[in-house]
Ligand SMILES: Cc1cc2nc3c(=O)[nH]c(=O)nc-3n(C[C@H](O)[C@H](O)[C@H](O)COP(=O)(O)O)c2cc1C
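Okay, so here's just one chain, in structure tokens, the form predicted alone.
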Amino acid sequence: MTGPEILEWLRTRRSVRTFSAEPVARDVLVRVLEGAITAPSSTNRQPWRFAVVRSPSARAKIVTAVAQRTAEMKAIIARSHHAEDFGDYGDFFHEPLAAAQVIVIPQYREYPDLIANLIASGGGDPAQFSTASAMQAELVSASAAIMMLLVQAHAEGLGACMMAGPMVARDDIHALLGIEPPWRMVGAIALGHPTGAAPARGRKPLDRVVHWIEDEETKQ
């Protein structure tokens, strides 16, 4: 495929929140995960891990945990003047997970900040520099892997939705899946065969998100 063709294909990717009951074959999931781990990472540490939840009972427990935490928040917010603002928004935290045939829980871990340690060994103050910890290098790397997972899922004809909402039940999900330090959950991905086409969502135009640094020569 040419560059323009790939760009047009990327524009067809959507966040899918409704799924059919058709199971996702394991070999397809393996390719999706293989796609994820092609991502670049800081110093090639590959600080990611993925829990792939196919068991219906385990998925149900995750959904219940997220729904319960969301209901607790909603009850508190309902006592304030922001009750209407929150409304049923929290339903989006768990409804796609309930419909998905697979729930993927990406995780990342932090490593010792080598550069910060080297600065400190020379008598310097690491806080005066933006080292790996300040950059959140491992989280950024795991986020790149998540994006590659979403792209590969799209290539396989699957629907997927990266969700931050399930983080409200992070501790519960850690306990359910046996996630222990130094690993930390970073969102959840609902995955499955889509039911129909998801609507296109608007994108900010380039002139709102890109600042070109160039001179007359490099404009050519």
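Treat the numbers as computed from the prediction; the structure is a model and nothing was measured. One-based numbering along the sequence shown.
The form predicted in complex with this ligand exists for this protein as well; it is not shown, and the discussion that follows is about that form.
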Legend entry - Contact of Ser15 with this ligand in the predicted bound form (heavy atom, 4.5 Å): yes
Legend entry - Arg201 within 4.5 Å of this ligand in the predicted bound form, heavy atoms: yes
Inset, instruction - Please check if Gly165 has a heavy atom lying within 4.5 Å of any heavy atom of this ligand in the predicted bound form. - result: yes
Inset, instruction - State yes or no: in the predicted bound form, is some non-hydrogen atom of Phe129 no more than 4.5 angstroms from a non-hydrogen atom of this ligand? - result: no
Inset, instruction - Pick the stretch from 114 to 122, 88 to 96, 134 to 142, 72 to 80 whose residues have a heavy atom within 4.5 Å of this ligand in the predicted bound form. - result: 88 to 96
Inset, instruction - Have a look at Leu158, Ala65, Leu29, Cys161 for me and say which one sits with a heavy atom within 4.5 Å of this ligand in the predicted bound form. - result: Cys161
Legend entry - Contacts with this ligand in the predicted bound form - residues in 101 to 139 whose heavy atoms fall within 4.5 Å: none
